[in-house]
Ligand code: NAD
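Take a look at this one chain, the form predicted alone, written out in structure tokens.
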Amino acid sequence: MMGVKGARALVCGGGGFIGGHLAKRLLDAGAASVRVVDIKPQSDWYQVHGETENLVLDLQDKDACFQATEGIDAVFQLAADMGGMGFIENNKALCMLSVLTNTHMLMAARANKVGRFFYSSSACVYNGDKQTNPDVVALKEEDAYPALPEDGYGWEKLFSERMCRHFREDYGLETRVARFHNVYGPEGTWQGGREKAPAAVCRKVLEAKHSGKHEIEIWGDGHQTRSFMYVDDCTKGILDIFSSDILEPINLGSSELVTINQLVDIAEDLAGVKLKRNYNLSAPKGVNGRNSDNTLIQKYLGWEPNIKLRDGLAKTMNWIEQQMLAGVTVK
């Protein structure tokens, strides 16, 4: 068993939303050192920690991956070109190119004798035929096959999961894989087109509140169902799964299911406004229903993500409002 205490850890994509929170949790968990790598200039990172080694590298490049993994015990591979549903549906080739990062990172981790490799996959790997009804049956890990994932992004994630498996089986590289379900929270993307539903809804509700134009555009009919996991639950789950003996991909998501309309209800209530809803039926809306079956994570870890959506959304909305009032623009 390998834990993070005393380990030399690498966070790939650490200038992004989840990566920034993960770097902080690794420091708090007693990692001997934390190296953070991202393609963006440090001025565009969401969080920069003074206690970490911070490098700007393009991890699609193989040499950069070898540089990043030198002297590292624990890799957390979160780097990817992705965003919310609007970005995923309109940038399939860009999403697929993340396979270069995952391939080169696995090659470098093997060559540099990394102790353990964590890969962040996605619920987008699941068979689309099982996500056509808003009255959804929660997705079990086995539902990724027969394969029919989200076009572009989902196929890249599923392929990279298989690479992790075969690097473990063929080369002995210890790999762990978690399928993230809709992570949200402060210190993340909230404007510009890459934001996900919770941040987008918070921003739209706040814009309506401050502008006095009490209307909101909702993508789809609002009946789509989702579960949303607060980032603190996500980073706890990452470290627990990394340190476990769970060899196959496992769900990491909340099982608190809501419709998009209910998500807007919560955001309106937190902001103290009631808005007219305009439904854009031609906008990207993703699958009709998706939820996380947490049977396996409860079995293996005795835990599941449990921060209530209202509580996490309140923190997220407060942070986004601070950014808006300060005139912060998209990173």
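In this text, residue numbers run from 1 along the sequence as written. None of these values were measured; they are calculated from a predicted model.
Below, we refer to the form predicted in complex with the ligand, which is not included among the displayed structures.
Student: Even though the ligand is not shown here, does it sit in the predicted bound form so that L78, M82 and T101 each have a heavy atom within 4.5 Å?
Tutor: The answer is yes; L78, M82 and T101 each reach the ligand.
Student: Just to confirm, with a 4.5 Å cut-off on non-hydrogen atoms, which of V183, V205, A74, A109 contacts the ligand in the predicted bound form?
Tutor: That would be V183.
Student: With the ligand left out of view, choose which of S254, S160, S120, N251 has a non-hydrogen atom within 4.5 angstroms of it in the predicted bound form.
Tutor: After the contact test, the surviving option is S120.
Student: Please check if A32 has a heavy atom lying within 4.5 Å of any heavy atom of the ligand in the predicted bound form.
Tutor: Contact with the ligand, no.
Student: Quick one: is R116 in contact with the ligand in the predicted bound form, heavy atoms, 4.5 Å cut-off?
Tutor: Flag for R116 set to no.
Student: Taking the ligand as it sits in the predicted bound form, is D293 in contact with it (heavy atom to heavy atom, 4.5 Å or less)?
Tutor: Output for D293 is no: heavy atoms all beyond 4.5 Å of the ligand.
Student: Report whether the minimum heavy atom distance between E70 and the ligand in the predicted bound form is within 4.5 Å.
Tutor: No - in the predicted bound form, heavy atoms of E70 and the ligand never come within 4.5 Å of each other.
Student: Name the stretch: of 293-301, 259-267, 279-287, 33-41, exactly one has residues whose heavy atoms fall within 4.5 Å of the ligand in the predicted bound form.
Tutor: In the other structure, the partner sits against 33-41.
Student: Taking the ligand as it sits in the predicted bound form, which residues of 54-75 have a non-hydrogen atom within 4.5 Å of it? Please list them.
Tutor: L57, D58, L59, Q60, in sequence order.
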